[in-house]
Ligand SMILES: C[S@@+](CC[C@H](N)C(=O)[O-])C[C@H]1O[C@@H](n2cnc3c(N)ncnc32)[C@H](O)[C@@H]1O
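Just the one chain here, the form predicted on its own, laid out as structure tokens.
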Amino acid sequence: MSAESLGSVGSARTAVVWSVLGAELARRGAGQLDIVDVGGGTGGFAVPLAERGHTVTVVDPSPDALATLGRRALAAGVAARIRAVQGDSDTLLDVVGAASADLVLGHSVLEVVEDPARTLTGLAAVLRPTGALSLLVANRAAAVLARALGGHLADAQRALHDPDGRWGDADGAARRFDADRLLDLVTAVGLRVEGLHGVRVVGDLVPGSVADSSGDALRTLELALSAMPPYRDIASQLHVLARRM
């Protein structure tokens, strides 16, 4: 499967991640991969990957999300290739064996865990040698700009200087990341970073009516800006692909 074909899955909001995953799957060739999706919820990534012949274990703490995943997998005809496990990153190695996965997804996980470094250690431990980690996190810079553009200047100042990138007590995120902090965490657990991209560089900035009527134009622009500073650095999320050597 080409990077282009997998990159077409989903909307402009996820096109960059799918493009990176498509390139990784193309690199691996035609064989079936063992994939672990931590916090994979209702299967937005797991089901399309299973449809392409891979086996996916989804580990998520929500029984409701896993029930939806089961229905979605059944409807797509891939239930036999998806394993749903109730759990979280702290118990990952209890439910998924060490060195058992070719690809691990950790999307929107580090923002909510108690100890991001410990969670990353667990994600890395699940990877086989040469296996890849797809990591997606909230970006501090986007929160600063969003609060400022919304007229909440004091919140923007707090998000800028807070160690965890939070703008106040009502902030729903436990933490956000700068690129340097994220890359330091990833390399500290022994993974080699192979790519850093911005996700939703402009997708969260344009009006919904524009996004809805843009056709492929918004997706094309997102892909073009995703690896290009300074645009990458203000994206709503940062995506890292890293490899266990």
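Bear in mind that the values here come from a model prediction, so they are computed numbers and not experimental data. All residue numbers are counted from 1 along the displayed sequence.
We do not show the form predicted together with this ligand, though everything after this point is about it.
J.: Could you spot which one of 138, 109, 156, 141 gets a heavy atom to within 4.5 Å of this ligand in the predicted complex?
T.: Of 138, 109, 156, 141, the residue with a heavy atom within 4.5 Å of this ligand in the predicted complex is 109.
J.: Let me know the one among 69, 38, 35, 201 whose heavy atoms come within 4.5 Å of this ligand in the predicted complex, would you?
T.: By the 4.5 Å criterion, the partner-contacting residue is 38.
J.: Answer with yes or no whether residue 89 is in contact with this ligand in the predicted complex, where contact means some heavy atom within 4.5 Å.
T.: Yes, contact at 4.5 Å.
J.: My question is simply whether residue 127 lines the interface with this ligand in the predicted complex - judged by any non-hydrogen atom within 4.5 Å.
T.: The answer is no: residue 127 has no heavy atom within 4.5 Å of this ligand.
J.: Considering non-hydrogen atoms and a 4.5 Å limit, does this ligand approach residue 78 in the predicted complex?
T.: Looking in the predicted complex, residue contacts with this ligand do not include residue 78, since no heavy atom lies within 4.5 Å.
J.: Can you check whether residue 61 is within 4.5 Å of this ligand in the predicted complex, heavy atom basis?
T.: Yes, residue 61 lies within 4.5 Å of this ligand in the predicted complex.
J.: Counting only non-hydrogen atoms, which stretch in 216 to 224, 203 to 211, 38 to 46, 186 to 194 is within 4.5 Å of this ligand in the predicted complex?
T.: It is 38 to 46 that comes within 4.5 Å of the partner.
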